[in-house]
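Listed next as structure tokens is one chain, alone, in the form predicted alone.
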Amino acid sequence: MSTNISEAIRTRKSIRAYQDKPVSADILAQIVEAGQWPPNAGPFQITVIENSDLRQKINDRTLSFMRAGEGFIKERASLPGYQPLYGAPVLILLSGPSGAPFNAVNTALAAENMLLEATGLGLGSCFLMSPCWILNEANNSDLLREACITEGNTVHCAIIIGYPAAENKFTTAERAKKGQVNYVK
């Protein structure tokens, strides 16, 4: 399935439930390549995690962190059946050299390209910040090593990709335009 960019922008939404079905290497390569073409101002790293054991470790530590937190994250983690990675077969971490001034922007732009490419290819995806909370803590450096994150990098964002499940109780039904627009002529 292929779609144009305007349609992908309008139809992309955060999918929070996935089928237990792998994403083919060819499709995954297309999505990752889209992440290599963002506007950017410096180096960044894309780390694709298909290893189910590593994804589960990241999911479980993120969930523990959220349950110990406050406010929205604790409420979200308390929902029956909630899992931070939503059962997605692919987790992509985006990182860059710690302290580089534009890392968060570079990685977010790369992530958006991949989210739109996934939508255009008929897959579901979701932008995540929650894994970053634990991956950048010193006591979780074992996960960074296992994920082959370059030493000295900070994980700024993550995305998950897969085939949407029929039942998706954590996703809102409709999206709405956001942001205030001003035209200055």
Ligand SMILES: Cc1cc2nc3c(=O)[nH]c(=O)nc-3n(C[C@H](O)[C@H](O)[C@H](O)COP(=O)(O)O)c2cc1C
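Residue numbers run from 1 along the displayed sequence. Please read these numbers as outputs of a predicted model, since none were measured by experiment.
What comes next is about the form predicted together with this ligand, which does not appear here.
Peer 1: So which of L28, I58, I49, C126 reaches within 4.5 angstroms of this ligand in the model of the complex, heavy atom to heavy atom?
Peer 2: Exactly one listed residue reaches within 4.5 Å, namely C126.
Peer 1: Indicate whether this ligand has at least one heavy atom within 4.5 Å of a heavy atom of S130 in the model of the complex.
Peer 2: Close contact exists here: in the model of the complex, S130 approaches this ligand to within 4.5 Å, heavy atoms only.
Peer 1: Would you give me the residues of 46-69 that have any heavy atom within 4.5 Å of this ligand in the model of the complex, in order from first to last?
Peer 2: Stretch hits: zero.
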